[in-house]
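Just one chain is shown here, as structure tokens, and it is the form predicted on its own.
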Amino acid sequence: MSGRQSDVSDWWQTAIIDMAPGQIRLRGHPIEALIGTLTFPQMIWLLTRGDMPSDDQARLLEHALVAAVDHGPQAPSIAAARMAVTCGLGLNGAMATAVNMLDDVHGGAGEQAVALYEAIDGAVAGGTPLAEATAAAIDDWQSTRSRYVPGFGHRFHTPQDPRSPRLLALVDAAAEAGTVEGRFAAIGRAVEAELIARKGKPVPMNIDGATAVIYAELGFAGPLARGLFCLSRSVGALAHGWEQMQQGGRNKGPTPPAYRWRYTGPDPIDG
């Protein structure tokens, strides 16, 4: 009998939560000791990382989360959340619809930018000058992954994404305070400079590139960068879903009904 119980209890193993009747412990901390003392960014850090961040680390994480909450209904994920509501889904369905669209193309650039930065950082640690390591990493990315360099360029915000300079300024302040080292901020700026030199025009660091700087500075793994972006953008999906509920509407598609798509099939066949 005890063997069977062990088989069941060992089916899932976690270091995140220990729970019994009248008891909840997160990473060893009683929940009642965390309520009223931890901020939400601190809780995110604790659960995903296993340790407790400093106040300054948590604030820098919060800055990144705040910056990425929304980018309007033209963003596919937000548009989908609003359309989901008009199809009868509740807020949970709207939010799930939005998050499920945050994959490699729309939502994955932060994770990819962390990977790019880490590749450059590794080369620099091995003795390669920053500018040389940056150029080589970009060449490798474009030849093996994609011609799009993640975290840079924006089809709407030109010549500059207004979020990025503010986030980098906050990283600089955190580096001066000793909260982070600042080396990934230098790497992000080096990538931007190299792309501008190649293109001969502004290639702004976008929100993905800027938040990736913060996540890398704080030691978050690349996949967590995508997860954190999903957490952040979920706030926008929630707000837009709720707003659409107040506005009403049924079965709203991506364009008003009077606008039709371009048909590219064969002409009518008589017959």
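Everything numeric here is computed off the predicted structure, so don't read it as measured data. Note that residue numbering begins at 1 and tracks the sequence as displayed.
As for the form predicted in complex with a small molecule, it is not shown, yet the points below apply to it.
Quiz prompt | Heavy atom of Ile207 within 4.5 Å of the small molecule in the model of the complex | solution = Although the small molecule is absent here, Ile207 would touch it in the model of the complex, with heavy atoms inside 4.5 Å.
Quiz item: So in the model of the complex, does Gly151 come within 4.5 Å of the small molecule, heavy atom to heavy atom?
Solution: Yes, Gly151 sits close enough to the small molecule in the model of the complex that at least one of its heavy atoms falls within 4.5 Å.
Practice problem: Please run the contact check for Val203 against the small molecule in the model of the complex: heavy atoms, 4.5 angstroms, yes or no? | Solution: Answer yes; at least one heavy atom of Val203 falls within 4.5 Å of the small molecule in the model of the complex.
Quiz item: Is Leu195 close to the small molecule in the model of the complex, meaning a heavy atom pair under 4.5 Å apart or at it?
Solution: Leu195: yes, in contact with the small molecule in the model of the complex.
Quiz prompt | Non-hydrogen atom within 4.5 angstroms of the small molecule in the model of the complex for each of Arg49, Asp51 and Gly188 | solution = The answer is no; none of Arg49, Asp51 and Gly188 reaches the small molecule.
Exercise. Choose one stretch from 83-91, 104-112, 178-186, 129-137: the one whose residues place a heavy atom within 4.5 angstroms of the small molecule in the model of the complex.
Key: It is 104-112 that comes within 4.5 Å of the partner.
Quiz item: Among Asn100, Gln142, Gln74, Gln160, which has any heavy atom within 4.5 Å of the small molecule in the model of the complex?
Solution: Residue within 4.5 Å of the partner: Gln142.
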